[in-house]
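Next up: a single chain in structure tokens, the form predicted on its own.
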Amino acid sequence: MTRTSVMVAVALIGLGGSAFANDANYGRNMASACSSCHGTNGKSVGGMEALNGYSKDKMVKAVQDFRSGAKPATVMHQLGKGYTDAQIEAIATFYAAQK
């Protein structure tokens, strides 16, 4: 993933404000930014960890750890900082529902 791709993903994440929180597709739409690395609906085809079926609590904790720097990463520490807690919850809920 290039630096430009990361910056575009972070910018798109910022557009997902609370005005969209009542949208039934909000979590899916927010998670779409993850698909370039983790695959469509979190179904990785290799290289990156699959996110589909992750427990919601495990995913929330992982992103919080990336944000804080407690968990090392190449780009996730930067991307994690672009999400609000509500956005992380929505994304984690979406991925937990994927099989």
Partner chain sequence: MTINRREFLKVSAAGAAAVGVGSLAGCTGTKGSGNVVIIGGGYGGATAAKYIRMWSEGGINVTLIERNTNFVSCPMSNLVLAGERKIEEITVSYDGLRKHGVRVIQGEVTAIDPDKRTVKLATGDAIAYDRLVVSPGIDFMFDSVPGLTAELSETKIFHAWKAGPQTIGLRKQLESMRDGGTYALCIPKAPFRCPPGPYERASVIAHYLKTHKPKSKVLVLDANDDIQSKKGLFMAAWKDLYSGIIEYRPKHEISSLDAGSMTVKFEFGDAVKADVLNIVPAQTAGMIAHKAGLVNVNKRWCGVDWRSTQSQVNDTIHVLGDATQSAPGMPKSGHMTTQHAKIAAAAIVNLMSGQQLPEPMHIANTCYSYVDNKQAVHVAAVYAYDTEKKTYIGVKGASGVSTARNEIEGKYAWAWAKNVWADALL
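Numbering follows the first chain given and starts at 1. Please read these numbers as outputs of a predicted model, since none were measured by experiment.
Same protein, other form: the form predicted in complex with the partner chain, not shown, and the subject of what follows.
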- Message: Just checking whether S55 would be counted as a contact of the partner chain in the predicted bound form - the rule being heavy atoms within 4.5 angstroms.
- Response: no
- Decide whether M48 counts as a contact residue for the partner chain in the predicted bound form under a heavy atom distance cut-off of 4.5 Å. yes
- Query: With the partner left out of view, is K71 within 4.5 angstroms of the partner chain in the predicted bound form by any non-hydrogen atom?
  - Reply: no
- Task: Using the partner position in the predicted bound form, report whether C37 sits within 4.5 Å of the partner chain, counting heavy atoms only.
- Result: yes
- Using the arrangement in the predicted bound form, list in sequence order the residues of 65-90 with any heavy atom within 4.5 angstroms of the partner chain. T74, V75, Q78, L79, K81, G82, Y83, Q87
